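Given as structure tokens, the chain that follows is alone and in the form predicted alone.
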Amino acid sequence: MEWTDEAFVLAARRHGEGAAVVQLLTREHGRHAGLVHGGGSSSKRAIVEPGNRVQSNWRGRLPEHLGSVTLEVERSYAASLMDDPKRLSALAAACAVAEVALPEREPHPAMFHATQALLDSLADTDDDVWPAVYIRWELGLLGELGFGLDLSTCAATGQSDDLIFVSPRTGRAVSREAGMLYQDKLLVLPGFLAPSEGTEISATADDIRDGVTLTRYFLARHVFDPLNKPLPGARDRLTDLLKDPPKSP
């Protein structure tokens, strides 16, 4: 059996002498592993760098086998972010979260495209919109896994304006009026995620802090805790770096 697909490298781990097992996020085949011969060698290490966009060719005798994969690098995102620790940390966090959260060999083309948009934002934008893009990427991941948040209307009143909280129990938005008495039990809804009437709302430093707290809570509750796994260290390092995020333009 054989297939060719576009992919992002999520992780690579040495296997035996000189080989590496890579985890890929492919467009059509979902998260998929494969053995890269020579992938653990110094000469090929750059090929299996997490965050690389690659053309992948997988071969295996049976579909359920690990199989071997050859990679042709189309773009190395990590290499272009080496001088920006925060952006590089966001790339590492996205790869680490996707590797665990996405079920193996289950197509999620929307996540492939969302990851493309995130990495392009990290590498190609001079402004500081990327933290908001990252938070939206995690919200999209939750939605793809069936745990999407409903931030459109208040869970208590049905109103769509003045939404400033999120219920940690239901994942639904809560208005200021309905939530003020219980604010110590609610999560904060960042302004840039609340419904707006066609007006673009910039993300403030507080919004970014609240956003990574919001998505972290639901990723832990719905994805990582059921697997008896902590969130990846790369994700927590990103949280620490974004405690004092760059100011919005």
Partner chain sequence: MSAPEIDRLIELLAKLPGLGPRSARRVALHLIKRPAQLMTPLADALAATAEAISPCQICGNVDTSDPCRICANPERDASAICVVEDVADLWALERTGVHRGRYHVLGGTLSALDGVNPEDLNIGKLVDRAKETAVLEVILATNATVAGQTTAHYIVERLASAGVKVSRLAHGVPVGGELNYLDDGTLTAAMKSRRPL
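Positions refer to the first chain, counted from 1. Nothing here was measured: the structure is a model prediction, and the numbers come from that model.
The same protein also has a form predicted in complex with its partner chain, omitted here; what follows describes it.
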Of these, 150, 74, 162, 106, which has a heavy atom no more than 4.5 Å from its partner chain in the predicted bound form?
-> 74
Among the candidate residues 156, 78, 145, 132, which is the single one with a non-hydrogen atom no more than 4.5 Å from its partner chain in the predicted bound form?
-> 78
Decide yes or no: are 29, 114 and 225 jointly within 4.5 Å of its partner chain in the predicted bound form, with each residue judged by its heavy atoms?
-> no
Among 93-101, 135-143, 106-114, 168-176, mark the stretch whose residues have heavy atoms within 4.5 Å of its partner chain in the predicted bound form.
-> 93-101
Indicate whether its partner chain has at least one heavy atom within 4.5 Å of a heavy atom of residue 19 in the predicted bound form.
-> no
Contact test in the predicted bound form: residue 24 vs its partner chain, heavy atoms, 4.5 Å = no
Is there a heavy atom of residue 237 lying 4.5 Å or less from a heavy atom of its partner chain in the predicted bound form?
-> yes
With heavy atoms only and a cut-off of 4.5 Å, decide whether residue 84 touches its partner chain in the predicted bound form.
-> yes
Residues within 4.5 Å of its partner chain in the predicted bound form, restricted to 26-49 and counted by heavy atom | 49
